[in-house]
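So this first bit is one chain, no partners, the form predicted on its own, shown in structure tokens.
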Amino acid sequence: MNYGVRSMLLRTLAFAIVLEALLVPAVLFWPNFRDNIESLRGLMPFKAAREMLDQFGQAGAAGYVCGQQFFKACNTLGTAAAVLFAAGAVAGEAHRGTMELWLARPVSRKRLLLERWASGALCVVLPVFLTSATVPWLVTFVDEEIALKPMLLCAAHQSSLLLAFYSATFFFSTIGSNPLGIGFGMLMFTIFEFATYLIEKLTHLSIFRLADIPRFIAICTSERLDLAVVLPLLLVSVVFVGASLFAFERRVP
């Protein structure tokens, strides 16, 4: 098996296993959470956290699962995976001194870069869809029902945000040669944005407002994508991919 394909499969599998390992106990904990939500609310130090608990109580199992799968797991680990998968995509070749060998392949630079971008993007979004698809089956163990369609729509919404982070990091990798510095810088940025979400007066300035619990609950209720959010996020990805192609064509190994 080609090394690149094997690496992609391993990263996809590892990310999917981690997401599922977080999702299973979270779903099984739902009955205890539901029965003790008022007690838990009193323990929350932040207003934003108390509001999340209230949203869980109002939306039921679907809102709780969306909070666990998307807002908590995908917005944290998913964002980290997006950054780490992209940081070394091109900068890693320069850092290892293998850029010239990579460029020596008998294909165009455009194809080389798009293949590298696409393989990493699949590693980011495929686990989100695969694990979200297990939710309807998992909730049967706690006597709940959640349809597959809204979970897949929520996965698509979440993936649009993760792809934006991935594509931005990929661009910096295209113009840089220090994957560790690129990854660290982007991780600090995303951590700052997530922390900002929990600050009452700054929460509406956080990028993660685009993928918070109320949005996912609305998607589950309407069974429609929020195109006002998804399309601009996809446009961000397209712009960064275009900028990466432009920069890579002019890059000297």
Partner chain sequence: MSQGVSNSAAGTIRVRDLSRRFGSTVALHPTSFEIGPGGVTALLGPNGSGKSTLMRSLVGLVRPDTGVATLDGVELIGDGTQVRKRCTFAPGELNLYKEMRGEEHLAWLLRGREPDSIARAVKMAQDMALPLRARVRAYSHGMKRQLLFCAAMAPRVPIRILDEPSEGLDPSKRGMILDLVERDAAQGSTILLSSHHLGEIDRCSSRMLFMHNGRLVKSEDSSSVRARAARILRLDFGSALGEPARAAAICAELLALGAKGAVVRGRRVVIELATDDPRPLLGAASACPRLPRPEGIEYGQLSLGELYRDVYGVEAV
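Numbering follows the first chain given and starts at 1. If you're wondering where the values come from, they're calculated on a predicted model, not measured in any experiment.
What comes next is about the form predicted in complex with its partner chain, which does not appear here.
Shown here without its partner, the chain carries 192, 196 and 201, none of which come within 4.5 Å of its partner chain in the predicted complex through any heavy atom. Interface residue remark: residue 102 is counted as part of the site for its partner chain in the predicted complex, having a heavy atom within 4.5 Å. By the criterion of a heavy atom within 4.5 Å, residue 72 is excluded from the residues contacting its partner chain in the predicted complex.
Residue 109 belongs to the set of residues with a heavy atom inside 4.5 Å of its partner chain in the predicted complex.
Among residues of the shown chain, residue 93 is one whose heavy atoms approach its partner chain to within 4.5 Å in the predicted complex. Residues of just one listed stretch (140 to 148, 74 to 82, 155 to 163, 109 to 117) have heavy atoms within 4.5 Å of its partner chain in the predicted complex: 109 to 117.
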